[in-house]
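Before any questions on how it binds or moves, here is one chain, the form predicted on its own, in structure tokens.
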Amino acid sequence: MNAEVIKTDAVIVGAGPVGLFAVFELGLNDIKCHLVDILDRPGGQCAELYPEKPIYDIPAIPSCTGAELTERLLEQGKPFNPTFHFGQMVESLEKTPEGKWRLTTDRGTVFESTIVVIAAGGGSFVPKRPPIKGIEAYENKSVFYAVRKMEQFRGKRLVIAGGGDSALDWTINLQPIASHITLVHRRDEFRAAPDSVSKMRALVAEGKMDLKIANLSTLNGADGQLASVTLKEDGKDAYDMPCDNLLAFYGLTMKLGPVANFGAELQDNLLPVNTADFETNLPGVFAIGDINTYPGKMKLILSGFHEAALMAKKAFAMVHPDRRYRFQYTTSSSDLQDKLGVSDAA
């Protein structure tokens, strides 16, 4: 059975700050967007790597965290009703006989769009694999690096490894439905939000889960199904912890991933673009933000915002070839203010 094709004006690959601002710039030009991101939430590197870390170089905002910037950009793009597709990666890009771009994700979602905007930062975030021999045989069977459906883990004995927000969040969220949860971390200090750490410790104190300060050393099982994991605590003999599934949250690394196979020209694992509209060598495929390169390129969020504005102007000509582009200011254009839903306040 063929997947239903989602037809749209634009697909934005990447929902980080630059991709989110592209929603706003494209929306002002009557271009509807779908966004695809491998993460389970918007914000990209800002949300995943430094949600609480201050950013000081966003124009007119002396200081804001990555999470705050993401929230503001989502609010700014809200009038244009973008559609988000989280937890999936665009695997292929090809031209249709009608001249559209067809994108297919690793979850089988298929898009056809007039333009494609690659705003994938330094590439796709991919999970860091724990350094355990033979773990590949268990991956996507009983070892997982993300939670797509919580019900999959109902009634299971879970070992969750890691000390960051993802590990703590899923420990707390899965505890009510799992038969038992053991959180494993190499030290008794956590990088997660203090509130999450407090909730986890309360569950341990109430006897509702276990916390082991130990290292994972071995996986035990057959045919991809775990029976137990071997843990090693400092100064103690190794022992086996029975479990059905291991959820490993060891952080993320960045790889260019399938973008490298899209057919666009590459230069040092980046996408060369022209500086008039940030189009790649593929007509209708743009690259903005840290994924692109050109003479004088600076890897700053504000640079990506500028690139999004010029990209949207060229995109308008492609999506609306029968219409004449009119440059307008949001401060004085009643048309743009209507689109933003602020005409009554003007």
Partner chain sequence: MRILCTDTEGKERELLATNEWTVMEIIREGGLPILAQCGGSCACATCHVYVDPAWKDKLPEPNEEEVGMLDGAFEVTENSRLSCQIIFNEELDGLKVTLAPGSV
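Model, not experiment: these values are computed from the prediction. Residue numbers count along the first chain shown, from 1. Heads up, when I say rigid core I mean the largest set of C-alphas that superpose within 1.5 Å between the two forms.
Below, we turn to the form predicted together with its partner chain, even though it does not appear here.
Contact between Y250 and its partner chain in the predicted complex is found at the 4.5 Å heavy atom cutoff. Looking at G121, you'd find every heavy atom of it more than 4.5 angstroms from its partner chain in the predicted complex. Using a 4.5 Å cutoff between non-hydrogen atoms, P130 counts as a contact of its partner chain in the predicted complex. When its partner chain is considered in the predicted complex, H320 lies well away from it, no heavy atom lying within 4.5 Å.
Only one of 101 to 109, 165 to 173, 186 to 194, 221 to 229 places residue heavy atoms within 4.5 angstroms of its partner chain in the predicted complex, namely 186 to 194.
Taking a 4.5 Å heavy atom cutoff to its partner chain in the predicted complex, the contact residue among E151, D268, E206, D234 is D234. Listed residues L216, V116, I181, M200 were compared with its partner chain in the predicted complex; L216 is the one with a heavy atom within 4.5 Å. Residue displacement note: R191 has its CA displaced by at least 2 Å between this form and the one not shown (rigid core superposed). Annotation: Cα of Y145 displaced by at least 2 Å between this form and the one not shown, core superposition.
After superposing the rigid core, the C-alpha of V110 moves by less than 2 Å between this form and the one not shown.
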